[in-house]
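Single chain ahead, written as structure tokens, the form predicted alone.
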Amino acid sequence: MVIVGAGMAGARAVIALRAADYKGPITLIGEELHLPYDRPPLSKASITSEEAPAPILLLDEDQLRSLNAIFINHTKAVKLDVKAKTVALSNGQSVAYDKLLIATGAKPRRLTIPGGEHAIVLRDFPDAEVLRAKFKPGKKIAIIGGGFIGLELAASARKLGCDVTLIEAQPRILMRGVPEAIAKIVHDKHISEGVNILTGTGLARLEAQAVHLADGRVIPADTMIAGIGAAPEVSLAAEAGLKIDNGIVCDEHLRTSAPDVYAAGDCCNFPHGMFGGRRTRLETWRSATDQANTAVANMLGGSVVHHALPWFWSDQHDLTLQIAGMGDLGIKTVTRQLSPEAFIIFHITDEGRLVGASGIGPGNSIGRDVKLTEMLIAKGISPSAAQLADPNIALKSLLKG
């Protein structure tokens, strides 16, 4: 078994293979110098911790030894030969496989406007170290993009005493996948914490220490960061002739168009078994884990359809935002007010099917109800709008159908 990509999906696949009692050789190939590590802390604790941070490892050396896995680090897979069933590496080696998992993830999009090269991106631990060195009290930080990464970095920069301006071209922040009511809470929280947010604002160009907006305004900046999303890393698969469409195209078993080649994580585009085979590509921590488990089961001869429910969280100052399911499939919404500061918006289809939930609140105030909503969706239970809206009706009681 060969795994290309040493992020969450790749690391989880190694563990899942041994947990399934696979006795054969496992080779894990990663581009970075570090052992496999967790990425969500990069925009938060890796930057703001008082002590010098270290990567939070997913697999350390002792674990790799106990799993009897070969880890080839600081090495890129440069060519996939699906007929010979080999992967050529940048160090000159060639690795043969019986089954191959591509878990190459996604890479941040870069600005293509004039001067776009002045904006740095956050992808790996060295990037976080660079930002940590730049986020000093009084420094002017311009963040381009009002998605989750941009907002998390804005919160980290403010925590460290920076002067932060966040620029979003869309009419509001978090346009993709977050209801407007929740986006407004996040927006207002950032404003109250001292972040200057400019929405509906395009860019003209960047200079070494300034962002020039389309309307003529100039935003001085010691550091500029592009947080405008990520593109699936598909170059290895594409050059090998695998089918590509917003990621590596897989079937419901996470098999690619090439025999014995599977994909998982941010690079994988698959039909979701719980939502009528709707094609999707997910860029979340838990989805990478769930997909790795499905891919491994099928690499070992199974026929498991991937139907794990999508779930995502983001910390915004002292607020936690959680999203479960596929809210964009819902036509109607119902709100459950858990407290003055916390609420959940349920997403429902025209037929009354519960398909998603989006919640926000301080700390873990929404966690339990979001988890119970996941269980309702997974069981195909669709409570009435009145039941969902009433905080006096425990969601747990609705699991009985």
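As the structure is a computational prediction, the values presented were derived from the model and not from experiment. The numbering used is simple: start at 1 and walk along the sequence shown.
Only in words, not in the display: the form predicted together with a small molecule, which the text now covers.
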Taking a heavy atom within 4.5 Å as contact, would all three of Gly30, Ser43 and Trp313 count as contacting the small molecule in the model of the complex? yes
Non-hydrogen atom contact Ala6 with the small molecule in the model of the complex at 4.5 angstroms: yes
With the partner left out here, check for me: in the model of the complex, does some heavy atom of Arg336 sit within 4.5 Å of the small molecule? no
With the partner left out of view, is Lys134 within 4.5 angstroms of the small molecule in the model of the complex by any non-hydrogen atom? no
Wondering, does Ala157 line up within 4.5 Å of the small molecule in the model of the complex on heavy atoms? no
Hey, of 71-79, 168-176, 194-202, 301-309, which bit sits against the small molecule in the model of the complex at 4.5 Å between non-hydrogen atoms? 71-79
Consider the chain as shown here, without its partner, and state which of Gly325, Gly247, Gly105, Gly227 has a heavy atom within 4.5 Å of the small molecule in the model of the complex. Gly105
Only one of Cys162, Ala288, Ala221, Leu100 gets a heavy atom within 4.5 Å of the small molecule in the model of the complex. Which one? Ala288
